[in-house]
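Only one chain is given next, in structure tokens, and it is the form predicted on its own.
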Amino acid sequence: MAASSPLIDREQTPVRPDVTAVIVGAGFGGLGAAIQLRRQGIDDFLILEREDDLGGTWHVNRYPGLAVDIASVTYSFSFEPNPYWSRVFAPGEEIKAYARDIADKYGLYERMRFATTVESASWDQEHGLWELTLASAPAIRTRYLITATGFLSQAKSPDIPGIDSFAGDVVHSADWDPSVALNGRRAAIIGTGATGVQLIPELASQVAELTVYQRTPIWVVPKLDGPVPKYVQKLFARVPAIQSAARLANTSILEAMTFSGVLHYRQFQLGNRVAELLGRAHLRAQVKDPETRRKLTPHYSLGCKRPTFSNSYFQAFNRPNVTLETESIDHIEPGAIVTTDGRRTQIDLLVLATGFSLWERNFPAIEITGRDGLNLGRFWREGRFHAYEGFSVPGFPNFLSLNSPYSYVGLSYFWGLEIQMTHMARLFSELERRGADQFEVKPEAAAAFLERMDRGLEDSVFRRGACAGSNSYYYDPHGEATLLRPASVLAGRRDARSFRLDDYDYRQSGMWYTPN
């Protein structure tokens, strides 16, 4: 990187950042990054959020039946336990309230700007600053850029001929309109992923007719859910160590599932098959019709795509008003959906549970241009998707991306997030120790990390299992499973505490330039 111009005369003008750091996104990732900045003594930062409130996916998603699919005791910051979850798997509004509580406790609201869309970010090589272009506000210059835009931030609508001609109501699960009436409607829902699993039973209980359009069946296992008794909540509040023990127990179970069934599939195929038998047994116990059971049975290895938990999804297909449709959709008409075999289903409500674009409109969610004009989107798509420790990319100084390839560890987003917070702590402490204000990961360090990730995936279900036809978002456009980090949570935490500090370059930038 070129050094900044030295001070020449008194006419020179200082070029200073508007703020020391900018975090893009006010979901849990953004909250965690902000907390860590404060721990490092950096209070001069902004959190820019395109929505009108914090919470990320827990603000955007408000559909009926929304709930966390990881036990709440684990789906939360380990250093900020909430003893008052109402259920083992808390409903969405409680997760959103938890985010508000975190922001209040750490004084983060004062640093947030809502309804602020970041369109692009470019590295000013001469002055060592990031310049952010905003949709409806002046540009912002910052020393450090942290993107916390999440994996599930870009809603995906199906590209089906005629969908724009539909005359009835169209509702996307990520933009739910509670004013749309459900009772008495002839409805169709497209999508049977984790969102569909939660939403379909709710729709089935209210609409007159529901046709479920399924492309890929999903593995579903029983959900050990239920209300958390008040005396347990009080016990957790009075003795936090007991809640910590419950968190550790749940973490250990999920770790074992991920480590054996997904990352070490070759060695533990028998365990994976037992889990599949559990899923099939759950399906058989809940669905009466053999043909419907056949259509709902996945034909790919469990773990190729994220499975989910539910006690009500399969039961919905026993209802007389619910039809499962597996024929592909040919087109949509103003009042009907027509499948490729020519059958027409009359509907007046279309629900899209088609999820999010992880790879098409994400990675990155905004245009990011680094050193020497390097574009991050092209860098990943023309090469390979990778980031050092799932966090930083060579050619992009003073840039950290929380939602990067190989950053997701285990099954709870908070595990990976806290690992990245630990990484931030060591990195910014080293900057301070060296008296530097710029960092950039070395290309050879990033390449070595990618090679280690390759080796780690060798025995995984993604390479050893039967994943064809799973339509899994774990796979990037190159066909590589680069979303999930092939490491245990313990290994990820160890790496964050011990990565080689010399894997980064550090330097002190100048603060001056000669004006035109």
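Not measured: the values here are computed from a predicted model. Just count from 1 along the sequence shown to find any residue number.
Beyond what is shown, the protein has a form predicted together with a small molecule; the following relates to that form.
Only one of 176-184, 388-396, 249-257, 150-158 lies within 4.5 Å of the small molecule in the predicted complex by heavy atoms, and it is 150-158. Checked against the small molecule in the predicted complex, the residues R143, K305, R111, H423 give one hit for a heavy atom within 4.5 Å, which is K305. Proximity to the small molecule in the predicted complex, defined as a heavy atom within 4.5 Å, singles out one entry of I368, L283, A353, L132, which is A353. The small molecule is not shown here, but in the predicted complex it comes within 4.5 Å of a heavy atom of G196. Taking the partner from elsewhere, T216 is found to have a heavy atom lying within 4.5 Å of the small molecule in the predicted complex. Although the partner is absent here, I190 is a contact residue: one of its heavy atoms lies within 4.5 angstroms of the small molecule in the predicted complex. Using a 4.5 angstroms limit between non-hydrogen atoms, A67 touches the small molecule in the predicted complex.
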